[in-house]
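Take a look at this single chain, the form predicted alone, given in structure tokens.
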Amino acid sequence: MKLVVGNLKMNILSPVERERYLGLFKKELGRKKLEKTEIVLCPPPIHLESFFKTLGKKVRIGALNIFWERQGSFTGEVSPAMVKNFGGEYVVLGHSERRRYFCENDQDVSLKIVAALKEGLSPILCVGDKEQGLKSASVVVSQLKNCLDKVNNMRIENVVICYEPVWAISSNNPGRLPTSNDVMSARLTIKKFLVEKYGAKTADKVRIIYGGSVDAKNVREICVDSGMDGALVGRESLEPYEFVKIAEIINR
């Protein structure tokens, strides 16, 4: 099953905006049959329950972040149990924006992955290089090694790996996007790591997706032609028509 994830980031600022978005999304999704593709929407935590109640039968719901403790005196944090109990099934972890603005490191991400899996959530682990070049593969492997350090063979199939080249993210004003060969190379690097750590049979169960300036114009080359299992969609996920169009292309 392919996977298309909408990363709504810090958007949808009011109940009115939320209802408009959900109405448009239901309308667009109702026009398509995406039998080969799983749709996940990850809104800000304040919208989690509303998204689940409105779309829960049509899509999966996920969170944009969690803390590694289940409960306690951690002001401002969201626990994996909260996400699970309010309808969430996925959580995006290790995103470059979390690393950049909140100084998260691989050890933080590792703790969060363990906490998510323990609560029955599926982590979407983002890994990627800041700059193109020969060191790209070693950066990705290092992140995988550190972040998955405490994930065993029984749990890894519940993890989604997202290759997120930081240099290609739209908010960074990229000079160019990766080609299908660039993405395919990253996919092979990730696959090789998974096979060596978990074995070929288990590695085949782990979905590898792409994230970084994905839109309906480039998704075929970047995600489909490169053999990726789907996409993590940022800016375009705020436009239901564009997001569903991306999912339709991946679904073919």
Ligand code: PGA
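Computed from a prediction, not measured in an experiment: that's the story for all the values here. Note that residue numbering begins at 1 and tracks the sequence as displayed.
One more form of this protein exists, namely the form predicted together with the ligand; it is left out here, but the text below deals with it.
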Would residue 168 show up as a contact with the ligand in the predicted complex if we use heavy atoms at 4.5 Å? yes
Please determine whether residue 214 contacts the ligand in the predicted complex, using a 4.5 Å cut-off between heavy atoms. yes
Contact label in the predicted complex: residue 12 to the ligand, heavy atom within 4.5 Å: no
Should residue 228 be counted as a contact of the ligand in the predicted complex, where contact means heavy atoms within 4.5 Å? no
Which is the contacting stretch out of 206-214, 54-62, 220-228, 23-31, given heavy atoms within 4.5 Å of the ligand in the predicted complex? 206-214
Heavy atom within 4.5 Å of the ligand in the predicted complex: which residues of 219-252 meet that condition, in order? 232, 233, 234, 235
